[in-house]
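This document opens with one chain alone, in structure tokens, the form predicted alone.
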């Protein structure tokens, strides 16, 4: 950690980025470290390729996060990647980030590929926000309420309010300290788990209507198409937390959410692409959640994705029928 701290201290213009389709830990760790380094007079740029989910837009400094493109990677002398199991998780900007002279990789996913020039990868950490907390403490940077709020939110969300198997002793001790720094747990919870917009509630209704259960009752599956997002005036980031409904069904070991992605093939007026109908191949993102006994990180890794044992995901170009068939086949071994 000392080498990483020294590298950060030597940096002048620093790009911080976290994984696309961000969750609370992705946003929280990004903001916490960015605000901390900026307090030390560093020139900081915060980046995430995706739109920040509405539930995390209450975080201090969130308006500072840019979505690209990265205008000139040559102006940065240091890149810090947060909560990314691979560089590709940063999205299409990975090519530009790769041109930055030095890269630090901070993450807690067991599937991390150690892509950085320096790697601070701690799989036993409950969240990347926990690692950021430790780094900030190591660098003797004062803990402000704004930084503390991001760290608290990152840990709260990634542990599922301390319900998931990655919850450790540090999760409680750090969050207790963050509260002593001024974090209001009720305020954070109201935003993270607060009221749904009507459009998001309609999206949830579509997701629940699509629910399917494998023949052995061990896997639950939900599906959302691009047409549903358009119909409900929502975006993929609005699905945050949906998988918990599918995972909490009795006897379910793995829950999956299949989301159709934007396709480079133009969509026809009848909802098909190039007239090939519902069986045509197009990109889908598959999110996986485990009940704690199944390693979904290993499943995602086998499809070129990543994550950790209880939460992971991958992107695949195929057709919906084939993806469902693959998942239901996997469920036979659960």
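Computed from a prediction, not measured in an experiment: that's the story for all the values here. Positions refer to the first chain, counted from 1.
The protein also exists as the form predicted in complex with ligand 5GP; that form is not presented, and the subsequent description refers to it.
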property: Location of ligand 5GP contact in the predicted complex, chosen stretch of 286-294, 30-38, 64-72, 43-51 [non-hydrogen atom, 4.5 Å]; result: 286-294
property: 4.5 angstroms heavy atom contact with ligand 5GP in the predicted complex for residue 153; result: no
property: Close approach of residue 17 to ligand 5GP in the predicted complex, 4.5 Å, heavy atom; result: no
property: is_contact(residue 313, ligand 5GP) in the predicted complex, heavy atom dist at most 4.5 Å; result: yes
property: Close approach of residue 85 to ligand 5GP in the predicted complex, 4.5 Å, heavy atom; result: yes
property: Heavy atom contacts to ligand 5GP in the predicted complex at 4.5 Å, residues of 82-111 in sequence order; result: 85, 89, 109
